[in-house]
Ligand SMILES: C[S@@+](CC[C@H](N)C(=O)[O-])C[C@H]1O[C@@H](n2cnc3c(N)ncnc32)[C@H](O)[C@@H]1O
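The chain below stands alone and is given in structure tokens; this is the form predicted alone.
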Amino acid sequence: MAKRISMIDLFAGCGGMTSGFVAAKGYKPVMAVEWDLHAAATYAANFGESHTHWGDISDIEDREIPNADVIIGGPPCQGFSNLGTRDVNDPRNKLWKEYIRFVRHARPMVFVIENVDRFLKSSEFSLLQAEVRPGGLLEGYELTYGLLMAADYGAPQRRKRTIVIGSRIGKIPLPEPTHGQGNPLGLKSWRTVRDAFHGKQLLDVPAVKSLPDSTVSVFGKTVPGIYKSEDLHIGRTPTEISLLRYAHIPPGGGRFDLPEELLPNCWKNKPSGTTDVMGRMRWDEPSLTIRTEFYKPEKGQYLHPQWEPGQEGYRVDRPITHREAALLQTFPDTYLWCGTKIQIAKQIGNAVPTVLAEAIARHLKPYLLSAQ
């Protein structure tokens, strides 16, 4: 039997990337680090508390960093700009310096960085490239990088992320897409919102508006949870004017479909831009990016896709629920959650779609196994 591939997840959040790597089979998490208590609790509920470190990454001493075959994670984009100065007192450097410290001590064969799409055009990325050159902090690693669209790897969501693969076992290309818009070149068709929700018994009018009243002890702290995924199908109580606005928005539409009398002043005074706010999803397309405030239609295209024209048309006039957002992020039905409604929404919106992480993990596996 092939040796299992050990991995460390830094800035792990609720475990979206780890979930994808574990789903790819053969990967074993040996350490995860996350400073947010509730996200760390969610991670621990799914993958175990013993290897999960809640707290400041800088509190982990070098001797505590295990060897690992792979390091994954997404350090915040801000803070890399002064890495080249080696100024340990610059707080903006800390999180990137910590990521690199882990790479230098764990000596993984491969590391994977995920970040926002604009990262590739940042000065931070230029300095990362400099660090793999002779004399740099990551000398010996080769980088491959690019923008990956989650929909191209099986997520029902048009979410673009920068993926950087660093390898010291030979240059590794990015994974090839498995899906495409309109089934091009024999690829599978993009998965849609309909695909994500199908068969999940999602009530058009959620039966509850709050999470169950339960708590759990983790890391010596008491946090809300543990919740099953079906517990996340929770409704809201929109105002009357909000319901009137929702009713005017067709699939693919947004704030420009509202009549003048329903426009708030901020939109009356801004006749262009922010085109996706107060938007409604389409059943037969992927969603747009699921962000941390998906429960607020004024923040993006987050209205439920069900909308039929005409006075008698059937409509579901509400934003998507936490459960539906987690499905669009491709979290498994068995996933467990900790935190308040707002905290869990942040965890969902900040996560990497698990099937994108799984595609990366499957792609890396033969390279890693052949190098063992």
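The first residue of the shown sequence is 1; numbering continues from there. None of the values given here were measured: they were computed from a predicted structure.
Same protein, other form: the form predicted in complex with the ligand, not shown, and the subject of what follows.
- Partner contacts here mean any heavy atom within 4.5 Å of the ligand in the model of the complex, and among 320 to 328, 55 to 63, 303 to 311, 23 to 31 they occur only in 55 to 63.
- For Gly253, no non-hydrogen atom is located within 4.5 Å of the ligand in the model of the complex, even though that partner is not displayed.
- For Ala351, a non-hydrogen atom is located within 4.5 Å of the ligand in the model of the complex, even though that partner is not displayed.
- Contact annotation for Pro76: at least one heavy atom lies within 4.5 Å of the ligand in the model of the complex.
- By the criterion of a heavy atom within 4.5 Å, Leu95 is counted among the residues contacting the ligand in the model of the complex.
- Using a 4.5 Å cut-off to the ligand in the model of the complex, not one of Ile8, Tyr99 and Phe102 places a heavy atom inside that distance.
- Although the ligand is not shown here, in the model of the complex the stretch 4 to 27 places heavy atoms of Phe11, Ala12, Gly13, Cys14, Gly15, Gly16, Met17 within 4.5 Å of it, in sequence order.
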